[in-house]
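Quick setup: one chain, the form predicted on its own, written in structure tokens, and binding and motion questions come after.
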Amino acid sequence: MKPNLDNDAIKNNQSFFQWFKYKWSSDQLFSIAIALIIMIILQTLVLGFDYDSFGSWFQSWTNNWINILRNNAATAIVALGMTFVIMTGGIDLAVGSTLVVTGALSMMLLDTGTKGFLLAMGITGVPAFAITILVVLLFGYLLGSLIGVTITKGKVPPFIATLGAMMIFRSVTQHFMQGYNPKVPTEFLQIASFKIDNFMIMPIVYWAIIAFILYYVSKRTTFGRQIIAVGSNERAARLSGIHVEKVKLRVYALMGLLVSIAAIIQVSRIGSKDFSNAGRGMEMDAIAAAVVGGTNMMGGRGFILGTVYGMLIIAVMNNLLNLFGVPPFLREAFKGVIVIAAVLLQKKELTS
């Protein structure tokens, strides 16, 4: 008796759809990845195929993606830190202003003009770059620690503490940098502009390395498990022997460190900085990437890989809106809709 191939095909299709439905409803990373794939396909279709050859099309497609990733690398690094912050049940609204103040410090140290701090000491070239990077990283870490101390020791809610820090950092930076236009050495720009096989992908490389490290921290270390425990139930975490305040302090210090890395990348990529507008809205983009990537705003759950997906979704969406000619002011509305939808889906999952 011959097998009924049609019935077998129907059964296979049914089992596939059942599996897909199950994965979509139970695996949040899977559903986020599928949404990203759909957006990439849509983006590819919008870019079109009107090229002389497949090679020229692929080169254009690759260049477009490299530009997307490079332009969003700094924000993506901040979003990784924001994931840890939100997982503890906190928030950091000061990341944009921290980016400005650490970026300003790096430019003051490197300035090739008469006001250059390191130049006045006779330090130039690679030693000046190394000193600048170390000082800026330490300064960012200290600013994050200061916020963490305000929250843990001062018992100030994270929203208020970081809102205050946001206003203080930016206003102080603008005051001291008004009328001052430091010039960054062209050699320093190689940190972000160094070419690999004729592609300027160094910011993407930094993002990938940091994402891998934080993924490992979140999955394989005691600190990663403590972050989840503190965000899930702070009282239970304290009773189990976890030093809750220390965990939160380390998370905000890490946030400051990551922002300072993003500042170095931005300064070395652009070579200048608008101290009034630089970093504005970065906190919203970072929060959006984390939330779209499955991080629970109430704390206790978050995915570094999900945040990477979330950042890519937002980046592709911005690119699509640009290709469609949507006005810049309306693009933020689309981003807001995506964030609200992500939170609603999370709420539905938690209550189902």
Partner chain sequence: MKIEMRNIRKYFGSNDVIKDVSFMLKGGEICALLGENGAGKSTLMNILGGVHQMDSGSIIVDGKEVAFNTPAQSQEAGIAFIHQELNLINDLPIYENMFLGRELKTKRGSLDLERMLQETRRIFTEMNVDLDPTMMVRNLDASYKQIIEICRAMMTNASFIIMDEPTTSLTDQEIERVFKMMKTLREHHVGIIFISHKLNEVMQVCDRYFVLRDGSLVAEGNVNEVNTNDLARFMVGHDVRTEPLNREKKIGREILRVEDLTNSHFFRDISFSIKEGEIVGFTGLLGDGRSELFQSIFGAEKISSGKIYLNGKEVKMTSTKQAIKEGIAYVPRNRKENAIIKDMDIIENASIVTWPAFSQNGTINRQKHKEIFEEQRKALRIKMGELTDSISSLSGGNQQKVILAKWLAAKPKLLILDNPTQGVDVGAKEDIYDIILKLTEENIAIVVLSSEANEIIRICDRAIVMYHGVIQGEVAGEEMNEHSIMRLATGGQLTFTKEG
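Since this is a predicted model, take the numbers as computed values, not measurements. Numbering follows the first chain given and starts at 1.
Another form exists, predicted in complex with the partner chain; not displayed. Remarks below refer to it.
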Contact of Ile228 with the partner chain in the predicted complex (heavy atom, 4.5 Å): yes
Though only this chain appears here, would Gly122 touch the partner chain in the predicted complex if you measure heavy atom gaps against 4.5 Å? no
State yes or no: in the predicted complex, is some non-hydrogen atom of Phe212 no more than 4.5 angstroms from a non-hydrogen atom of the partner chain? no
Should Ser240 be counted as a contact of the partner chain in the predicted complex, where contact means heavy atoms within 4.5 Å? yes
Partner-contacting position among Ala236, Leu138, Ile168, Ala130 - heavy atom within 4.5 Å of the partner chain in the predicted complex: Ala236
As a check of understanding, the residue in Arg280, Lys153, Arg220, Lys115 with any heavy atom within 4.5 Å of the partner chain in the predicted complex should be identified as Arg220
Partner-proximal stretch of 240-248, 76-84, 185-193, 140-148 relative to the partner chain in the predicted complex, 4.5 angstroms, heavy atom: 240-248
Mind checking whether each of Ser56, Arg70 and Phe199 has a heavy atom within 4.5 Å of the partner chain in the predicted complex? no
Contact set, 298-333 vs the partner chain in the predicted complex - heavy atom within 4.5 angstroms: Gly299, Gly300, Arg301
